[in-house]
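Just the one chain here, the form predicted alone, laid out as structure tokens.
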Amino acid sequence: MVFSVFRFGDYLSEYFVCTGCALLCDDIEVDVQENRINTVNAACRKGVARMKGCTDPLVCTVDGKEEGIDKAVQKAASILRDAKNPLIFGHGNSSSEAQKLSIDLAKMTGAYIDDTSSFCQGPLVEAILQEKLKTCTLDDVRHRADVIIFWGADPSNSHPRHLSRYSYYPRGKERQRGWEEDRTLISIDIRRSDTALLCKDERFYRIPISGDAEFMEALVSSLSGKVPKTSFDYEKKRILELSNVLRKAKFGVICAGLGLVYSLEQLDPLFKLMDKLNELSDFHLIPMVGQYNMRGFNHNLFEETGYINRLKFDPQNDEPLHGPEYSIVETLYNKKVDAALIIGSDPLSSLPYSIAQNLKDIPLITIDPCQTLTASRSTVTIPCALGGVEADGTAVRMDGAEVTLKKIIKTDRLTDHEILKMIMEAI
């Protein structure tokens, strides 16, 4: 990746990668003076907030008292060394280099290892890595896509630059006339989101909660020349009109959000729809991943083990144990975990209280740039440099493309990679 540098007086301006979400936009211009970020240009509101840093930075502590990094590392190593069934969780906001060390640490300690994909976009990423779903890059979408479907997703709020940079508004190499004439935007959702408003009534398809599988089956029937049927009496004419649009697409993409993932008990209806679409046209799927490097963890663990999440390592066995019973949700619910290392995540905020409360009963280690609810309940907290702002490294974009991160400002804080390395050496 090439970084252009310009100087204006005392200001240094460069193009950097934003780690505000998994779009990893690489055209961000940042004005820096005296090692402080003053202005961020081109980024969305989420990106600006991320790049300007934590409003409440994490402090290095042991048992609630501020301590030096060496003592915190020693205490963290002691907790993991003494635990019989430790958990290592998070990774969505960690560099790929740190993620690989987390995997090595899990092997060393016989730990459970998991990430947020086990209760969000994991099934889609796994199907893509197993080549069960056809995918493409965001650059392909920008240059080639003429039909874009946001299914159970609202990028206007979750990924504010998706529409403007990659999917709907850009004028691509094969889509020179852009959104006015060359692209069709479709929203399939249970509510009229801000993205659905852009589609107007003509291209917004409102379905009931958990109606995604039936709607997919109706589309498959329509695409097969049959009369579509749904138990919720959806207007058949509209389904036929939609299938006509999809059939004529030259390069289509389904951007799948959590609304789609949570609605499907199994991915079979989605597989059938994608197979039928690709009999008639050229369709791809991209999961709308949230955290900037969640997909990186899935790729790294898959390359190492053949699985993307939900693992338990056994130091006496080369083959890890895998299954839903090894997810953070199940291990906490069944109280199988006796210590936890949380890195780049905040499970006390994101998990249901009935499950997350079990974290309060065990020693916790938190590695994060910012103060979080999980950190406030942790035995050990170790602040790390903010990825893509105070630390360089690599990450994997939501479409699977690897992106290089470059440090913008200097910091005394260690990177997540360096902290994990110290803990492993101490163990």
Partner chain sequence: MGFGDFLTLPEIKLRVVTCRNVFQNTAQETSRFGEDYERLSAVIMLDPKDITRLSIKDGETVALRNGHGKVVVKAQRSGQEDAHSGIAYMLNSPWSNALVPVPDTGKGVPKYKDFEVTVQGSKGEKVTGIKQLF
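Residue numbers count along the first chain shown, from 1. Treat the numbers as computed from the prediction; the structure is a model and nothing was measured.
From this point on, the text means the form predicted together with the partner chain, which you will not see here.
Among residues of the shown chain, residue 190 is one whose heavy atoms approach the partner chain to within 4.5 Å in the predicted complex. Proximity of residue 194 to the partner chain in the predicted complex falls within the 4.5 Å heavy atom cutoff. Interface residue remark: residue 351 is counted as part of the site for the partner chain in the predicted complex, having a heavy atom within 4.5 Å.
Among heavy atoms of residue 321, none comes within 4.5 Å of the partner chain in the predicted complex. Among 401, 32, 69, 49, the residue placing a heavy atom within 4.5 Å of the partner chain in the predicted complex is 49. Checked against the partner chain in the predicted complex, the candidates 174, 140, 330, 275 yield a single residue with a heavy atom inside 4.5 Å, and that residue is 330. Of the candidate stretches 227 to 235, 117 to 125, 80 to 88, 97 to 105, only 117 to 125 has residues whose heavy atoms lie within 4.5 Å of the partner chain in the predicted complex. Three-residue candidate spot 92, 304 and 411; no residue lies within 4.5 angstroms of the partner chain in the predicted complex by any non-hydrogen atom.
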